[in-house]
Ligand SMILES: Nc1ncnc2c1ncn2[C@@H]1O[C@H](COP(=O)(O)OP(=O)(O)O)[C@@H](O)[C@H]1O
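As a starting point, one isolated chain is supplied in structure tokens, in the form predicted on its own.
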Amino acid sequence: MEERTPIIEVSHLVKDYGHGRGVFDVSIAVHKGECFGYLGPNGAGKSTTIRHIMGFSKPSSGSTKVFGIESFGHTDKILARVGYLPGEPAIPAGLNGTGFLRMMQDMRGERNEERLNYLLDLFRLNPNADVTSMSLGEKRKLAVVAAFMNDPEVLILDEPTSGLDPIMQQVFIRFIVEEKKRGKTILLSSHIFSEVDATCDNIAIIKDGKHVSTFAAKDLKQGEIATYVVRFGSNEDAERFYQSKSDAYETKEINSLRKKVTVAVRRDHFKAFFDALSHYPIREFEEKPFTLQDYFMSFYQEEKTFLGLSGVEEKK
């Protein structure tokens, strides 16, 4: 099968600011028509990567490309074809919202009034207010509208819902899902699990400037490990099962007060697991979904076990 050429390509990017700050050997690829989630806490290196993708900064080594064009030195070509939402939008004082949007339209040499009005209505934004009097949420909505108003094929979004209230966050998520259906190519940087989980096809995790994992979202949801919460008949039974050892399952957590044990089970070892449970009186039994947050947080535990993610690439 012929390999597709990525729309956005980051190859072994290094930007070392010293004292452990920067990004170190980061590689990601975003293909046409996909929404790619770039997940990490604040300060992990997401914005640094995106600034290099946009050509605002020169790599120490490695490269970033958009449409096959080397980013650094070609920011104008990228901005002409990409809807870009920075993490901290710089909106000039002395303008109202309309003035800012007109300025951005003139810079791009294009106006799409139908699209603009649709976005203003969708995000409930009054563009006539002075920028200096706008709340953080209103400024964020103004930046969102500016990024999308010319209906670009490619969107690069850095923490897009930061500052938005919960209602507008949900509006934005539904909007991104619709844009993806329309064939848009989207790179979405975020630390909000629900946002990434609801919109993204593929996800990369960055920690301390290093790319630690890339995987398909569907692989996370169809993993080979199931997690169950079992409530036993007594504290003694719960403790005895929690202390048990088996190749078929791994006990993860105990709540003695509620007589509950959380256990991870390989799907091809169900019989051995249920055989082990048959020796105990069981009061409750429920499956606990393994979430994106669970997987993400596993990178922040001293002892990590990565189980059941077919197609997951782990970076050392």
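Quick note: we count residues from 1 along the sequence shown, nothing fancier. Everything quoted here is computed from the prediction, not taken from an experiment.
A second form of this protein, the form predicted in complex with the named molecule, is not displayed here; the remarks below concern that form.
- Taking the partner from the other structure, the named molecule in the predicted complex has no heavy atom within 4.5 Å of any heavy atom of G62.
- Among heavy atoms of K46, some come within 4.5 Å of the named molecule in the predicted complex.
- In the predicted complex, the named molecule stays beyond 4.5 Å of every heavy atom belonging to H12.
- Among heavy atoms of K252, none comes within 4.5 Å of the named molecule in the predicted complex.
- Annotated contact segment (heavy atom within 4.5 Å of the named molecule in the predicted complex): 35-43, selected among 254-262, 35-43, 273-281, 62-70.
- Think of it this way: in the predicted complex, the named molecule has a heavy atom of just one of R51, K288, H269, H31 within 4.5 Å, and the residue is R51.
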